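There is one chain below, alone, in structure tokens, taken in the form predicted alone.
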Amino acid sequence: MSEQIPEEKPKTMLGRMRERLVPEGLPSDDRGRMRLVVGNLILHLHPTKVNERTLKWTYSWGLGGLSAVLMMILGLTGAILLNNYTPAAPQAYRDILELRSNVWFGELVRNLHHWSANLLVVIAVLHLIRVFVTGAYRPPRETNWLIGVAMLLLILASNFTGYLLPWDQLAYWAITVGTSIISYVPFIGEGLTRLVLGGPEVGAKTLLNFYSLHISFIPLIIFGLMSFHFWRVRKDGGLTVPKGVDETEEVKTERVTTIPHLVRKEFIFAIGWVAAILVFSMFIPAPLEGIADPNISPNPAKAPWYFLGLQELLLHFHPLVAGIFLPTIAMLGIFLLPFFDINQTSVGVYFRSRRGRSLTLLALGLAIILTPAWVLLDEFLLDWSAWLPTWSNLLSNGLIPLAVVALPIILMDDWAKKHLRADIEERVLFIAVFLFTAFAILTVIGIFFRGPGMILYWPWAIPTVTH
């Protein structure tokens, strides 16, 4: 009787990928095991195959992957910095000086941490914009959009809490200005401010609070959400497929294996950026001023750069409007965006359509012209409080200026709808681009064009302050 040979089961995609990663005869070897582990990790983060079109850098720009690389750099450098830091004033400042002068590569590690954190804010915002302008937040990706927005807020919180840790003048007064906005929250503002600061003002308890949040609570949530974010990208079918403005249906293109097509590009991209950040950090030191002194306030005292757009708004509107109402409305709009802009035909198309691209350019131009014009008018001509002396400040310096600013935006939306026949997604794009560009310009004005006394001045000129 001939021996019956069992029928061989067909190999799964994962099995075939493992065979490519680990040649026959190597699994028992340490190198073979390592390659198998790395391959399994990659295939847990990515699907086994991806659409060939999504490999184009000009579609995603690698912004999501770069954010993950920066988080890894921050985690590694942060762990090293922890071993040379005491979260107590004034010892924290002395530890930074010790780190810069007496710890091997201590200043380089601090520079890497500082610049990676600042770059992460920029890259996370650009990633959010890329997802928005390609419509990649629409169902079934709305959950990942919400996770991404939450991570952006946590990244801002992480940068803000870390900003205080050097305990120098720049950090102390930036946090003092930044946290003062919290006090404008109705009913609970004062109590919330004391809770965050650990007292009535920035002090030793604030440093300990921020240190605890910065090294434990915030990074743990970010890394947890980041893992879930990558898993959701895979579960939702990978990246949205890029399309041209004339493509109304998804084009069936070849799917290629993640290894090596995607992984090779990601590896080269990551190595390039790590090298660039390392070289930048070798030559540009992280800022450090004198030790924090509550009795000497710098002029001007500014919030961290990523909040200077908000601080600029506070110069033009009542604190309740600029510090609470406008940010709340903006965040609600961003969170709810996937639930009222659900058109699937333009997903993967940059700026929705040809008309959408024209409206984007128009919004950019209008924002670049109108925003500085409004700032100059409000600085030198408009004086609502003097014109309406008997009215409450919330009305004269808050709601009325807000209505004056909002009216042109409403008229622009109505004009785009009636005269250009723009649909809702194109109008959402138009308004969002205008508002974001306006806020970016306000941030630039706050960084470069506000001098002593927060007056407008040319950065290359010496401002004069009247007392």
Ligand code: HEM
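These numbers come from a predicted model, not from an experiment. In this text, residue numbers run from 1 along the sequence as written.
This protein has a second form, the form predicted in complex with the named molecule, left out of what is shown; the following refers to that one.
Contact annotation for residue 398: none of its heavy atoms lies within 4.5 Å of the named molecule in the predicted bound form.
Contact annotation: residue 63 falls within 4.5 Å of the named molecule in the predicted bound form, judged by heavy atom distances. A residue is said to contact a partner when one of its heavy atoms sits within 4.5 Å of a partner heavy atom; residue 185 fails this definition for the named molecule in the predicted bound form, lying far away. Taking non-hydrogen atoms only, residue 240 approaches the named molecule to within 4.5 angstroms in the predicted bound form. Between 137-145, 171-179, 380-388, 111-119, the stretch whose residues reach within 4.5 angstroms of the named molecule in the predicted bound form through a non-hydrogen atom is 137-145. In terms of contact with the named molecule in the predicted bound form, the residue from 96, 155, 202, 73 that brings a heavy atom within 4.5 Å is 155. 130 is the sole member of 130, 302, 357, 255 with a non-hydrogen atom within 4.5 Å of the named molecule in the predicted bound form. Contacts between 171-191 and the named molecule, taken as any heavy atom within 4.5 Å in the predicted bound form, involve no residue at all.
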